[in-house]
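What follows is one chain in structure tokens, specifically the form predicted alone.
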Amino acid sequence: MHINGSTTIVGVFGAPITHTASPAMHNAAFGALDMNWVYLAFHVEAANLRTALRGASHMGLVGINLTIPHKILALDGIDEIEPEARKLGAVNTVSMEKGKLRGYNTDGYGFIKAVKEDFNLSIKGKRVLVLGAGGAGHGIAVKCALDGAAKVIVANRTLARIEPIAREISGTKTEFLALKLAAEDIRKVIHEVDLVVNATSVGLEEQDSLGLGADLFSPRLHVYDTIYRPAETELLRVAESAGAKVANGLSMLLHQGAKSFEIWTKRKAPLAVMRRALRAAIYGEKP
């Protein structure tokens, strides 16, 4: 990588941000396509998001990804928000175009691509159980409805947090159900779903547990965990022991990043290069 006065800058805002694997993925892509671009990580506190985005635009950056805690906050600080991002309730990609900030959500796209890639599963007509109603859960649940899921169930410890999701899905043909995130409630519905998605942060630490036993799972189930580090969470370990098909969030990270890349550069993302770079950065595999 050779940075000079003509280098185009993109990056990611978050707090914390030291864990991000996105620079490795994007910089590998720029290198593979011989582009004079660089992707950097910036620690930006929530209170400074709007100022930082405006500053980035004034400094000539052309794109920013947003991660925790900015995805929902950005809805109030962007000039133009793509309709799907508004429906999904979060912005994770911002492009700077002619002095204006335009917000997108590539997480929903990344999730749909990941499920197709990992399970060869189309969401259309499927019944999906989403664990968690935060930014990730909101986006995934609504995206499933927009893509024709027959039923979406959202389980969360606080039922009130599910209400905004219910409002968005009410305008679709998808059946919707809200329930408490507890083993006894999950047991009542899990037999009727095709796909279970963990969109909570439970699993980031080795001792984390959702409290769901192997008896809840079966070989007919697909279980996707949006967490990618560690590679195998307790949920995936338990589900796999019961014969369920499992996958972690690396593929979602890859595909949402590839979509962001294409929004900014107007070029096709080199997926194989980006995947190798991610696996090297996260799991220490040789690229």
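None of these values were measured; they are calculated from a predicted model. Numbers for residues come from their place in the sequence shown, where the first is 1.
Below, we refer to the form predicted in complex with a small molecule, which is not included among the displayed structures.
Screening 169 to 177, 183 to 191, 80 to 88, 133 to 141 for residues having heavy atoms within 4.5 Å of the small molecule in the predicted bound form returns a single hit, 133 to 141. If you check the small molecule in the predicted bound form, you find no heavy atom from any of 11, 39 and 113 within 4.5 Å. At a distance threshold of 4.5 angstroms between non-hydrogen atoms, residue 202 is in contact with the small molecule in the predicted bound form. In the predicted bound form, at least one heavy atom of residue 249 sits within 4.5 Å of the small molecule.
Contact annotation for residue 260: none of its heavy atoms lies within 4.5 Å of the small molecule in the predicted bound form.
The small molecule is not drawn, but in the predicted bound form it has no heavy atom within 4.5 Å of residue 30. Proximity to the small molecule in the predicted bound form, defined as a heavy atom within 4.5 Å, holds among 56, 49, 227, 244 only for 227.
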